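Just one chain is shown here, as structure tokens, and it is the form predicted alone.
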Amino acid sequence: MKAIVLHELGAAENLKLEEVPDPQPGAGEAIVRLKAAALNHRDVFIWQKLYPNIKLPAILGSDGAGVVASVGEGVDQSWVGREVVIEPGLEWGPSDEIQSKSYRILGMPEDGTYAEMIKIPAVNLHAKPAHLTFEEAAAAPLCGLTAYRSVVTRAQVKAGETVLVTGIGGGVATFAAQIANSLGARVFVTSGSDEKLERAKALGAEGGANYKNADWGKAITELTGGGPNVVIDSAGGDALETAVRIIKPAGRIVFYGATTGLAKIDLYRCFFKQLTLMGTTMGSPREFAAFLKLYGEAKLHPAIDQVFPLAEAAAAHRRMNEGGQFGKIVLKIE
């Protein structure tokens, strides 16, 4: 089969299309013939040497969708021929509250989805929502699961509440805005691009503020009529500090990243306002199934920025590294 293989770190151009042996299923495993895969910042961080415990050569990619080609011993044969989306996490563990110490994500060290076929545990197979194309389904897993856990499990967003999602345009943020809107919340966003603020309205956002403006916190307070009840944040740094300042009393702040660095939190505001700050990442198999169910029932479609052929994975990575995307970048696998 053909796959994108990374042998050397330091540049997107090191992602090379090669012939590699076809995978064979063992007991409890399945082979999926992939139709599409999606990029995540994790993949970029790996070739940039910004990810821990890198092992090469590697086939990157955590997100994928396709058709089950074969299964190993002990796996229900009815999976063969079914359209599926792949759950990207391995060995989350028995508790929904926290991942196990052996938890890991597809795409290094295990072979990932930048390939024509992939071998995965059969428990990671999920039926593809019928209303999604393969490209849309491939865009969903990693970011969609993180967003679902942030909005539903951790923040427990309710209809009528006001939710601020920072950094709209990023994969998780676009899913978070969609999910919060589908739950009946009022959604507002931030971005460094006025164009992205406008595009966010298609995801259900009522409005937003450009965080390059020094008074963006004041603008959000005015737009929301006194501040949000919930903030879903990936930036950390000044954004998290501003969130603490503008959020309403008894608010919940959920953060899943720190792209702008650590934050100096005003603890006095936190305890006088009775705030709850929660960290989160990824999610359990139960949450992944619940995310797909919500997406299917609400007939939601992921925001897709651009689709590249598998052979142009390096160009796709350059697009992601430039930071101009709105939604997910996808690889189409013929």
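All values derive from a computational prediction rather than experimental measurement. Just count from 1 along the sequence shown to find any residue number.
The following text describes the form predicted together with a small molecule, which does not appear among the structures shown.
Candidate site formed by 152, 224 and 248: none of these residues places a non-hydrogen atom within 4.5 angstroms of the small molecule in the model of the complex. Contact annotation: the small molecule lies within 4.5 Å of heavy atoms from the stretch 228 to 236 in the model of the complex, the single such stretch among 228 to 236, 83 to 91, 155 to 163, 125 to 133. For the candidate set 172, 118, 200, 106, a heavy atom within 4.5 Å of the small molecule in the model of the complex is found for exactly one residue, namely 172. Proximity to the small molecule in the model of the complex, defined as a heavy atom within 4.5 Å, singles out one entry of 48, 281, 306, 276, which is 281. Proximity of residue 79 to the small molecule in the model of the complex falls outside the 4.5 Å heavy atom cutoff. Not displayed here, the small molecule is kept clear of residue 184 by more than 4.5 Å at the level of heavy atoms in the model of the complex. Though the partner is left out of this view, residue 41 does reach within 4.5 Å of the small molecule in the model of the complex, counting heavy atoms only. In the model of the complex, the small molecule lies farther than 4.5 Å from every heavy atom of residue 188.
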